[in-house]
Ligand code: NAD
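First, one chain by itself in structure tokens, the form predicted on its own.
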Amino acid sequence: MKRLSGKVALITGAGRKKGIGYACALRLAEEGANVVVADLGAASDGEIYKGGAHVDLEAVAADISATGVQALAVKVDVTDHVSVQQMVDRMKEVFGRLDILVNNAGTTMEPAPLVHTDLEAWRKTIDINLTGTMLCCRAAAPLMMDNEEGGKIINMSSRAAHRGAIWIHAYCASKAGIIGLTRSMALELAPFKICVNALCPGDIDTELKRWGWGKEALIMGKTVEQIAEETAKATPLGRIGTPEDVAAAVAFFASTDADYLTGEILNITGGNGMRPIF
């Protein structure tokens, strides 16, 4: 049974086929939802990890359509409130409604010690990860308020919001901010039957994660595969997470199975971070 038949879902940061956004879009489509995939639509400059190019976004939309649902690719800059509103307007023009919003767009800057943190890099990270999430929610919430059955907002935080991570201060701060934003919106939007929850993925095998492992490997004098193997061994479930692991949790929060859950923060870490007592 397809839990999301007739629903419309919007996923930001969905332009990379090896990313979490793509996996979420495909899973929601398989659950029966019509899907809007959004991304920057052009490679970013060298200062930040590049976003998906528009050609990738169109290919993602084609994959979604192949599942038998409707798909729409939209370019968006989540830091620009005009661009965000245009994305929502375009979606409304095509589908007339919105039921599910997955705020997946995010980035991190080049790792740097605190005393060498570039102010512009800090601001850009906060703008994309935290302010971008808020802008998408602000633009999308009125459409969900029009739904008799409300809607579902799923925000992408990170294990780093809880544990921190060396040299990526803006990323950790922005992801912690998403948790606070999620809980405050959950309170405000509950009367409209809009559930707002957040996910905190740990080590998920994406291009962005391997980019980070590459930086770590360079510092530690190891290979990326060595870092990956050590990460898997440190995880109680014995493996690195996949984008599909995250997508499964997104599908749950998007479904009626999660109608009585709001303001919740779910870790997707394979148990990594728990301390054994022996």
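Everything numeric here is computed off the predicted structure, so don't read it as measured data. From 1 onward, residues are counted along the sequence shown.
The same protein also exists as the form predicted together with the named molecule; that form is not shown, yet it is the one meant from here on.
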So which of 102, 198, 128, 98 gets a non-hydrogen atom within 4.5 Å of the named molecule in the predicted complex?
128
Give a yes or no for residue 106: in the predicted complex, does one of its heavy atoms lie within 4.5 Å of a heavy atom belonging to the named molecule?
yes
May I ask you to state whether residue 20 is within 4.5 Å of the named molecule in the predicted complex, using heavy atom distances?
yes
Does residue 153 make contact with the named molecule in the predicted complex, using a 4.5 Å heavy atom cut-off?
no
Residue 40 near the named molecule in the predicted complex, any heavy atom under 4.5 Å?
yes
Can you tell me which of 140 to 148, 190 to 198, 75 to 83, 115 to 123 lies within 4.5 Å of the named molecule in the predicted complex, counting heavy atoms only?
75 to 83
In sequence order, which positions of 190 to 216 have a non-hydrogen atom within 4.5 Å of the named molecule in the predicted complex?
201, 202, 203, 204, 206, 208, 209
